[in-house]
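Taking the form predicted on its own, here's one chain by itself in structure tokens.
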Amino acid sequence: MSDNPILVIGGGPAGLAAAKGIADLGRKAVLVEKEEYLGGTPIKEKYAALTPDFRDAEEAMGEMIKAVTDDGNVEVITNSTVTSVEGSAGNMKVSVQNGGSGKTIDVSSVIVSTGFDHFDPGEETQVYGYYEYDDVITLTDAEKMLKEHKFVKPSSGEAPESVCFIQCVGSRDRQIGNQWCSKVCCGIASKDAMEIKQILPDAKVFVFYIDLRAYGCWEDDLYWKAQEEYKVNYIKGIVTEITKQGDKLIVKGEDTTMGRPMEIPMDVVVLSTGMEPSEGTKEMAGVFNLPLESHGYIGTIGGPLNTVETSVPGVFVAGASTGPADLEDSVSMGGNAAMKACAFAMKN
């Protein structure tokens, strides 16, 4: 049995859950985070509220962070990256770099929880005008405003009368190679739409979607609630171009339900950008020689019956490093990875 600590790479929801799980099982954990802070994307992107329960994101993540930093079984190393590994299962020497300095840590097993990157809408095409028009924003841009309990036209600071969300930007698109649904975008857009209506009850809010994918209880908690309680309008259609006319954005496309073209003026357009494998995920796949699955995420073994174990003995994964994941997925996978990593350390 190895007494060496278990290394957790990435301090987002999955990594925090993994580190705390390891500590609760009586093992030592070392949590390495490349940023100067913990909390991952919800903190980095200044999320307003969590989906689907609308809980304040900073408060919720703060509780997870405190549970880890207050635990004597967890050593937290920020502003640092893992650069190399030597040795084999049960006895690995991992190099951690912090700027110009570094150190080597002996670890028994590893959990990679390096999250995801948001798709850059400028990569695909300029039909959405993200870099051209100030009032074309992304979900993360919207979250930053909603965190401040306001929602305005970035170009003027005025309250918009009409807002629309465009779904599947950078997801489900074979032309650019992103052949996956990012899973959370429909639910987050519905949540944001409701928050906008809370701030601006007279604003007209639309969601343009290809297929609405509010899975599980999100169907009732978000999709139907947005329609019935907040009068958010859902339009099944494809947006092909956004132009500007005066101070209005013109959303052009096809209403696929009615089978006719549409051209609708909007004050603000919100692009629901999807998930992509993070740079950190790609880097750790290289460091630990982890095979990637066909979409560029870290591959696991055992299919749906083993979602956190990789083909490299002693290396486990959690959260969106394995593919699109919501917070519930990420936290659950973090706990699962912690259990398996501890079990591995006991056997090796």
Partner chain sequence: MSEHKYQDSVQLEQVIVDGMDISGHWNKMFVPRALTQFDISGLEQLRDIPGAESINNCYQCAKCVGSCPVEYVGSYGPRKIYRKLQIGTNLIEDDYLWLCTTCKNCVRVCPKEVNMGEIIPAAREKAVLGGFIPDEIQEMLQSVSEYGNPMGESARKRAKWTKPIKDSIKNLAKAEEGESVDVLWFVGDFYAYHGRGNDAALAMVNVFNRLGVDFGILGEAEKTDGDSQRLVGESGLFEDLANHNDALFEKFPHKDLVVNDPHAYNAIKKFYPGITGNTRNVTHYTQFLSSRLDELKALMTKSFDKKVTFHDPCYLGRHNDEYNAPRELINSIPGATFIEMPRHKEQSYCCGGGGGGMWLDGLVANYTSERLSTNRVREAVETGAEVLLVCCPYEVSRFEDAVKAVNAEGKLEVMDIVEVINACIPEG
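Residue numbers count along the first chain shown, from 1. Computed from a predicted model, the values in this text were never measured in an experiment.
Absent from the display: the form predicted together with its partner chain. The rest refers to it.
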Exactly one of G216, G102, G122, P261 has a non-hydrogen atom within 4.5 Å of its partner chain in the predicted complex; which residue is it? P261
Note which of T256, S95, S278, S80 lies within 4.5 Å of its partner chain in the predicted complex, where distance is taken over heavy atoms; exactly one does. T256
Among 223-231, 236-244, 82-90, 148-156, which stretch has residues with heavy atoms no more than 4.5 Å from its partner chain in the predicted complex? 236-244
Close approach of K144 to its partner chain in the predicted complex, 4.5 Å, heavy atom: no
Please check if Y128 has a heavy atom lying within 4.5 Å of any heavy atom of its partner chain in the predicted complex. yes
Heavy atoms within 4.5 Å of its partner chain in the predicted complex: does K197 have any? no
Please run the contact check for R172 against its partner chain in the predicted complex: heavy atoms, 4.5 angstroms, yes or no? yes
